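Quick setup: one chain, the form predicted on its own, written in structure tokens, and binding and motion questions come after.
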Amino acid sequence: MDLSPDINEVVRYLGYRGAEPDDSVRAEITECIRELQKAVTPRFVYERFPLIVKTESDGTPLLCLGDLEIRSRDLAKNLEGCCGVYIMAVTLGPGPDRLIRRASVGQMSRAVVLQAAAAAMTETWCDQINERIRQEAERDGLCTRPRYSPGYGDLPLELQKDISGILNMPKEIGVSLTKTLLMTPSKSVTALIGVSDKPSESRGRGCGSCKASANCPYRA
């Protein structure tokens, strides 16, 4: 399994804006990617649910996915016209966190590069599982929407608790939540992917649906 991200993506996570890193930085990125490749234990879990959309008395959309109810105007916009939703969770495992912690003691610049490379690698893993879901939906005659994660727009991070329980994340992929709803291992992602029998004009990973996208330093 090749989870190597594009070096330019790592550069973007490092915050280079309008400037190119020198050869030594690129060499450091390449070395960190190789080190991470040996440390990761990528896992994933996902499940598809039928979608029913209701409207509450104040006009807020109520998205019903089985027993899960979500109140979110932004997610409702993303899922407009959808008949179902995949809920997915992925992780690179605890290896990247250990490497970053170790480098943080005396090698802070390397820790920063490892952090950026691991973040880009997490997105690569998300993209691969996203593609797996797209192909599965396509076999059923359905099209997928851009994935949408808790914390985007008005979709609350508190949803992580429900997703963790629904997908049994601790048992299935070894991911748990802290009291502040951060995931452990940290290089983990949850997301919702709508499916519809009609193609959508939306493309990409969902940045266009996020209210913070205009000022996000990581936006492509």
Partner chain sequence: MGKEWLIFDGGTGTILQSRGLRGGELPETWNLRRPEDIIDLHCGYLRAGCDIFNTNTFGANALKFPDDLEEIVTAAVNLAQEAKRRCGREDAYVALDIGPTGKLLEPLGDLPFEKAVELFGEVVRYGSRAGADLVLIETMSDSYEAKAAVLAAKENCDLPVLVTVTFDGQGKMLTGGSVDSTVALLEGLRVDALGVNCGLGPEQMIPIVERLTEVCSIPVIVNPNAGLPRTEGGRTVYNVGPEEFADRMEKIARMGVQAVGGCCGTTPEHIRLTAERVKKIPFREPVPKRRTVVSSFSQCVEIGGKPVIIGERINPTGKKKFKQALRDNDIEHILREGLRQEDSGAHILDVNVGLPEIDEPQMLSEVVQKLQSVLALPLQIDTTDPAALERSMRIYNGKPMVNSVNGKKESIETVFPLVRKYGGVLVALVLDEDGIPSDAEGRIRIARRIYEAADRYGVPREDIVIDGLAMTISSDNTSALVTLETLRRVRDELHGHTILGVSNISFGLPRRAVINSYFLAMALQSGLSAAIMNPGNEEMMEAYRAYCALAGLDPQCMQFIEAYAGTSDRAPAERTVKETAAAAASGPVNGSMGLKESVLRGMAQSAAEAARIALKDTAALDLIDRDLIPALDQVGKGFEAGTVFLPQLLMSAEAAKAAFEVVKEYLKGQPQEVKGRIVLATVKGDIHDIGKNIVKVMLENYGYEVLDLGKDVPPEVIVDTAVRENIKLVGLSALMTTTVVSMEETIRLLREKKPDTRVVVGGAVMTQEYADAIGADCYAKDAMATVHFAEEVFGA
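Here the structure is a predicted model, which means the values were calculated and not measured. Residue numbers count along the first chain shown, from 1.
We do not show the form predicted in complex with the partner chain, though everything after this point is about it.
The partner chain is not shown here, but in the predicted complex it comes within 4.5 Å of a heavy atom of Q115. Among residues of the shown chain, L177 is one whose heavy atoms approach the partner chain to within 4.5 Å in the predicted complex. In the predicted complex, the partner chain stays beyond 4.5 Å of every heavy atom belonging to A137. In the predicted complex, at least one heavy atom of D22 sits within 4.5 Å of a heavy atom of the partner chain.
Contact check for G106, A111 and K171: all three have a heavy atom within 4.5 Å of the partner chain in the predicted complex. For the options V90, I100, C82, I87, the residue carrying a heavy atom within 4.5 angstroms of the partner chain in the predicted complex is I100. Heavy atoms closer than or equal to 4.5 Å to the partner chain in the predicted complex belong, across 3 to 23, to the residues L14, G15, Y16, A19, D22, ordered by sequence position.
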